[in-house]
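Only one chain is shown below, in structure tokens, and it's the form predicted alone.
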């Protein structure tokens, strides 16, 4: 009985969850790398930091792609990833305008 209830908690909407990981997840990965690029150690143009940014992007996005299936529904995945992404972009641009 408990197993049946637990199975019903997750909706198998894999297409909606995958699209949530692709679009807001992509923007989430970009803003995470942007935070590291601008506010991480060293200058944004220092040495091989640009190459590291390119390689840092992939594990972040793949992490989002793998975690998105733990959401109960595609709607929850879209709302959570979308709101976190919008919030991070707002903080990023606020900090960029102040500095």
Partner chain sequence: MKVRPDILRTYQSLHTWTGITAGLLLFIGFYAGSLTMFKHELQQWITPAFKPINQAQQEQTKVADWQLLLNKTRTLYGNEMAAGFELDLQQPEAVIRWYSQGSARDLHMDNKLVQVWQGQDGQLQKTENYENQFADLIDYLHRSAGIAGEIGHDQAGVYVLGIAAVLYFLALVSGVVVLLPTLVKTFFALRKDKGASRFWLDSHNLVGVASLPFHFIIAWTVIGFAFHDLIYDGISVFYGDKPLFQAPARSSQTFHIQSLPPLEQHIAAAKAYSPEHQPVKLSFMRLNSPAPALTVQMISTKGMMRGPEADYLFMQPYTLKIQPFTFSNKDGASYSNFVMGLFSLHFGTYAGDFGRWGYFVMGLLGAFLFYSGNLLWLDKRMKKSAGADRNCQLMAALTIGVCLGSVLAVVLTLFIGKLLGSVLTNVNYAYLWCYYLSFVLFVAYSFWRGAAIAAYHGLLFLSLACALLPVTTGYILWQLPDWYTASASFGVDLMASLFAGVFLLAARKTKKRMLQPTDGGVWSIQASAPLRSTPSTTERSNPDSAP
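Residue numbers count along the first chain shown, from 1. Quick caveat: nothing in here was measured; it's all calculated off a predicted structure.
Beyond the structure shown, there is the form predicted in complex with its partner chain, which is absent from this document and is the topic of what follows.
Contact between residue 23 and its partner chain in the predicted bound form is not found at the 4.5 Å heavy atom cutoff. In the predicted bound form, its partner chain sits beyond 4.5 Å of every heavy atom of residue 74.
Along 59-81, a non-hydrogen atom within 4.5 Å of its partner chain in the predicted bound form is carried by 59, 61, 62, 65, 66, 67, 69, 70, in order along the sequence.
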